[in-house]
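The chain below stands alone and is given as structure tokens, in the form predicted alone.
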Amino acid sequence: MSTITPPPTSTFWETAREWLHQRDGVLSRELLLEPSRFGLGQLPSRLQPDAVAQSTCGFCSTGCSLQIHLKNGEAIGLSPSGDYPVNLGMACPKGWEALTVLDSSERATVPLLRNASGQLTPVDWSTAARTFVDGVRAVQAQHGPDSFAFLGTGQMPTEELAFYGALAKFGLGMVHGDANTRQCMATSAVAYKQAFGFDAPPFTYADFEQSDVLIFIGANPCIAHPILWERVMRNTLRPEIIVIDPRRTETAMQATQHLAIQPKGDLTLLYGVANILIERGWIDRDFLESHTAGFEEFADFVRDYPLDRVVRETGLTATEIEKLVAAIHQGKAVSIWWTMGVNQSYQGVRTAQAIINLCLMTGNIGRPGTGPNSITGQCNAMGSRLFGNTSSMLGGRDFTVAEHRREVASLLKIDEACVPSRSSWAYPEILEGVRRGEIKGLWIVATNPSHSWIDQDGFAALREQLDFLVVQDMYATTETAAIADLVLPAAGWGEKDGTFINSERRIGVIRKVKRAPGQALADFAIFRLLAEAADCGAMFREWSTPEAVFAILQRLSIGRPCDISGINGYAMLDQQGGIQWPYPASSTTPTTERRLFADRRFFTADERAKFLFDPVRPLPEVCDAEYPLLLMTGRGSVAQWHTETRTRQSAVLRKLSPSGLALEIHPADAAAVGIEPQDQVLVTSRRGQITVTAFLTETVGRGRVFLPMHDPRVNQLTHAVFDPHSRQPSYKDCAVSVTSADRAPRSAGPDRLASYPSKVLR
């Protein structure tokens, strides 16, 4: 730990706050609890903590634990938990500011209803609830029961996600509903389910420290998951760290090997690597024969990806590819990690499965330091995937399976007729239904698709097709809330109780440590209110508190791969530092780290993992003379989060983030069109045009440019193409041109509504 000279003595609050944002968890916590040790004098009595509550952070999927310091039951500060098995006393800037973003003037504090003159005006909760129910029923009566849909989130506690999906589907009769995890984790969920028989990430974070070879594909944990990168830095094995990414990211700069692959060349590379490993016999034959299915067909398939083809299609050298193959072969414990660079792709599922295939054929699964490991984006994407009742039914069941419907109805003590027998449309299919006029109402909770959805202007045009749009959110100022007919003000993280499930399947508790402002309510309370207004409250009598719902979810999980029936309430989760599923009632003492498939038994009917594959597809939108550059998108700063709805509320996080939108472009590409550093440039795609600042850098290769995803303008450019298996958008591969804003004529762009219809590759 470095030594710092304390600032001049003054009151604690004047001097300590900046320190709390700079220091590591241990020192910062000591500073908060014992400021006199650092020459800061005593805290004012109003700031002296009298209790501490532990809560899982509400930003990313890492699932760090934070100690919330309380005075008279209200939060006055926080510090990272030193002994929690996820973050081990560390927190990123977003975690430090988790409380600050709650105190924003942009908070939604009262229900808002659009009046006859088009203005959103305050109403009471009784009026809001009745308007909601009447609006849903009016749309369903006029356009049919399937005409009202919901779009949810991975950012609410699991108990609220379950209540939301159950109320929408069982109580209000909505067949179609999806979550913004479709933009984040659908690819990985489908890949795991098809290969393993269940959406089951096999790893634990200890694997970062136990691998001697770590491969990151389309992942930049230095920025996107900094605490996980800290776990990599704790690895004492001097591991080989290989980054496969078209861009020289912050993580690539720290790697022992960086393979600057052509965008979307990863599937070709993975097939080529598999072919070489098979040709040389560097595979685990015993494991393949005993625990997998389809390997021989896969081996025949990858013969079509010889080394010369892989070199030609990836832009890598034969030496780079051979070195990667050798590292996989020589590694005793090889782990492969991916995030949005793989998931947000028109062929993402097969790319994720190609990673799974490599791990299966080399026996790198179920052992410490191994695995095909998907790092999630949103704080509770796993909770949404398992219990959100959207694309799958509660506990990962299937709406189309009669036995599953009967089971859920029996466990919830509801009429089986209330349970839909059809699967929901996916997110892009719901929006396509809006375009066709089949969906006329939407209930959007804790997500901001007006900003985040691909081809943003296409989404904006769809608003005109809706009869009734309800938005339920923390902030009244989001782009989606601004166009709503009804806005329901919701509490945020720190203002309600529940649980999150992180990337390594660890269930952690979140605690209410602040009062929500004004008339804002926890989403849980809003759902109860709406259920009563819709005369289906009796269906949810047992859903009285978040912890009561957790017990219901435990009951629903029994016998499922995600069985959590052995957890003895929130208190046990707190005592154990979170618990990874599965943890059935037959479990004894939970261990800190628990990975799947150590027994080499998978969740398929024959308990074998499946090899799945398809031919590589060409880019859906190729570059040409008019649009010669390929636009990639991604996270721009460790201090930014998604659409910045929350992170922009913090002055500290704003200072740590770029002040404007900058386009990364290679100096040679800039020179070709006369662009100098810091020039204002026009970035134009076939869908739109935006003005940004040019940042010349060799971190992007020739023919490629990069924009951070957080700015609302970026998705005016992106191309609405989706993976055929997961229906996840492909955000990272659209063709653009870049010209000087001073010299180029401005273009209104093509007819964006005409270009919107979903192009799902088949």
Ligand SMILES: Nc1nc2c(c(=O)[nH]1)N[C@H]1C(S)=C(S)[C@@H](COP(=O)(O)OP(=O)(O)OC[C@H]3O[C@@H](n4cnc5c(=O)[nH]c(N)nc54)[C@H](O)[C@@H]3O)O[C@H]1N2
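Numbers for residues come from their place in the sequence shown, where the first is 1. These numbers were taken from a predicted model, which means no experiment stands behind them.
The same protein also has a form predicted in complex with the named molecule, omitted here; what follows describes it.
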Using 4.5 Å between non-hydrogen atoms, is Pro263 touching the named molecule in the model of the complex? yes
Exercise: Ile68 in contact with the named molecule in the model of the complex, heavy atom 4.5 Å: no
In the model of the complex, does Ala352 have a heavy atom within 4.5 Å of the named molecule? no
Looking in the model of the complex, any heavy atom of Gly77 within 4.5 Å of the named molecule? no
Of the candidate stretches 390-398, 569-577, 484-492, 674-682, the one with residues having heavy atoms within 4.5 Å of the named molecule in the model of the complex is 484-492
Only hit among Leu324, Ala224, Val136, Met361 for heavy atom within 4.5 Å of the named molecule in the model of the complex is Ala224
Please tell me which of Ser657, Ser452, Asn275, Ser557 lies within 4.5 Å of the named molecule in the model of the complex, judged by heavy atoms. Ser452
Using the arrangement in the model of the complex, list in sequence order the residues of 241-270 with any heavy atom within 4.5 angstroms of the named molecule. Ile244, Asp245, Pro246, Arg247, Thr249, Ile261, Pro263, Lys264, Asp266
